[in-house]
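Just the one chain here, laid out as structure tokens, in the form predicted on its own.
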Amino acid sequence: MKKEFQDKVVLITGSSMGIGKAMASHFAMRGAKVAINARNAEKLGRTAKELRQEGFEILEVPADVSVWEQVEGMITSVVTHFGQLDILINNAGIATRGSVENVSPEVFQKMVNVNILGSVFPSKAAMPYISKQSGSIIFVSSIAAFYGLPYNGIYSSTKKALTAFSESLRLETKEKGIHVGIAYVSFTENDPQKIILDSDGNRIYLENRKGIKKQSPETVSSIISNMVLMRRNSVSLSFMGKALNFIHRIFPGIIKMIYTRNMATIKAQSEGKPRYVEAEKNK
């Protein structure tokens, strides 16, 4: 693999597993020095060990990206260790399921804190350093941002918010030489340990949806890294993502019709039979 990111420093939030972990490996294979982040220091340490065993230069920086003071510390640690920061991938996020009526206010607040502020805070803290390198700030969003998905209202809202923020940031930082991009990820193969929240805030495992063609985390990583190389403003992953983006812009009523006709299925998938983490249902 070509070393297009040789001597570049990449920070990827939410990278102890799944897409984030795959991106860390991919950028490292292409020559980058990589800083990985997650709230769970133990899990992050295991991921860092795995990546180092592959011969990659890895720094783990545990932090809650929704807490400004921790974000400041994270960015300082990366720059102190590597001497620079070229690329920030805002990948950290959480998901939930449930109707607006049933989801608790605490879950709404947590979703906003992590999915919006968890990208805003790292971007703000990293800007002075990325500006020096004429680097990139990337936001990992979702095709759920194109049209509000029923029973996923707050998730869709937070992902749509990233579109507006990235657009504003792109205009504000143009003269600083910063590239701002947003990737709309489609259905992706989930890590078996992927956790989301139920309507009450209990942690549950994300069930693997059957009958839907999914992209691998490695494919997603390749597309996002190429997006950085080409300094593209946005990319929609998968044929489904591209189709939904086009239909949403030209014929938004069609998406509304599709959702309306499949409300029962969407509701059933949302409610499901959750598998609770550490028997939280009984706490």
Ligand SMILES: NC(=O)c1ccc[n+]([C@@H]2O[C@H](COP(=O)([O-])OP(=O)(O)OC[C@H]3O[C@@H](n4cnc5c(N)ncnc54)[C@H](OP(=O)(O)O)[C@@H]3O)[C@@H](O)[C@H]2O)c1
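Quick caveat: nothing in here was measured; it's all calculated off a predicted structure. Residue numbers run from 1 along the displayed sequence.
Beyond what is shown, the protein has a form predicted in complex with the ligand; the following relates to that form.
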For the three residues Lys8, Ala32 and Ser221, verify that every one has a non-hydrogen atom within 4.5 Å of the ligand in the predicted bound form; reply yes or no. no
Report yes if any heavy atom of Thr96 sits within 4.5 Å of a heavy atom of the ligand in the predicted bound form; otherwise report no. no
Using a 4.5 Å heavy atom cut-off, state whether Lys256 contacts the ligand in the predicted bound form. no
Please check if Ser234 has a heavy atom lying within 4.5 Å of any heavy atom of the ligand in the predicted bound form. no
Does the ligand get within 4.5 angstroms of any non-hydrogen atom of Val228 in the predicted bound form? no
Of the candidate stretches 141-149, 171-179, 81-89, 125-133, the one with residues having heavy atoms within 4.5 Å of the ligand in the predicted bound form is 141-149
For the stretch 29-43, return the residues whose heavy atoms include at least one within 4.5 Å of the ligand in the predicted bound form, in the order they occur. Asn37, Ala38, Arg39, Asn40
